[in-house]
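We begin with a single chain expressed as structure tokens, specifically the form predicted alone.
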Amino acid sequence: MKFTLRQLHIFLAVAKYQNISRAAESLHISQSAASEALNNLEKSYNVCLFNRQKNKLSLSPIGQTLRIEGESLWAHCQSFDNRLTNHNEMGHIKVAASFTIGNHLATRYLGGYLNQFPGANVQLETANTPEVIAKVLNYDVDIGMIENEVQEKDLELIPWREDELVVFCAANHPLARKKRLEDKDIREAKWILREPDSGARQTFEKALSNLLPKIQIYLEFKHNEAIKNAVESGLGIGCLSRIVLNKNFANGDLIPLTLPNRDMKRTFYFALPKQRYHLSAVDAWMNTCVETDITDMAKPQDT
């Protein structure tokens, strides 16, 4: 074997940042040391891992293939190292979740997970669906949790649980008395929605595809709370996951509206790189999420 783990680590860092200086900084080594290690790796195998144009680096075709295998190998090495040095503190994991899942579901699984791994370092990041997918494919996190199915050849999606979007308005909104919306109501309403790339928005647009050109999108927000506050202020009507709205419906400050013959259901997924080393922490996290009683999640919760 001609390569070293140090060379592998440097190669993966350069592949991530597409920049030797930033890669060296992330590894706390000098730029010259990183460049030398990368050059020696390429010379040892007579291979070009990167395309070099002026000050820009991009992975060559063979570099792209080797990066996938390298990430899996590096994860295996890290797992082996963790087992040796932290044998009583297993379960470290990095999770990226879309906003609805991260803010209203994922945090509720932490208790069960930490009961299994009391010394685990769990890092939970929230972002919209495209950002979560990017983090997963760039190996910035160990697992992603997203709200919609996506088409990405390097991504493995594992169905997790079902969800439903609900259209809603303020208690004093004129539609609150009607509760059941006809197409005319949908066209005339001012809609306050999530941003276009979000899973909630994609489900909304799919369910109302025949009316989209005539729908008045008044405001768009990246966060669920902003939408709820705007709707409660009487600025329009919204559409969010029932998980986000349960407490508001129970309190009566927001009112659910029915859309006949509109499929507002969707599936939540775990997202993983197809070429990955199977970490025990990832399997344990998924098992915790799957085995937690979802009826508890359907009850009104603080948001």
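Please read all numbers here as calculations on a predicted model, not as lab measurements. All residue numbers refer to positions in the sequence shown, first residue = 1.
From this point on, the text means the form predicted together with a further copy of the same chain, which you will not see here.
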Just one of N121, Q78, Q116, N138 has a heavy atom within 4.5 angstroms of a further copy of the same chain in the predicted complex, so which one? Q78
Report whether the minimum heavy atom distance between G70 and a further copy of the same chain in the predicted complex is within 4.5 Å. yes
Do D283 and a further copy of the same chain share at least one heavy atom pair within 4.5 Å in the predicted complex? yes
At the 4.5 Å heavy atom threshold, is W74 in contact with a further copy of the same chain in the predicted complex? yes
With the partner left out of view, is A37 within 4.5 angstroms of a further copy of the same chain in the predicted complex by any non-hydrogen atom? no
Check for me whether a further copy of the same chain, as it appears in the predicted complex, comes within 4.5 angstroms of all of I133, F221 and F270 - heavy atoms only. no
Can you check 236-244, 254-262, 23-31, 38-46 and let me know which stretch has heavy atoms within 4.5 Å of a further copy of the same chain in the predicted complex? 38-46
Heavy atom within 4.5 Å of a further copy of the same chain in the predicted complex - qualifying residues of 260-287: R276, Y277, H278, S280, D283
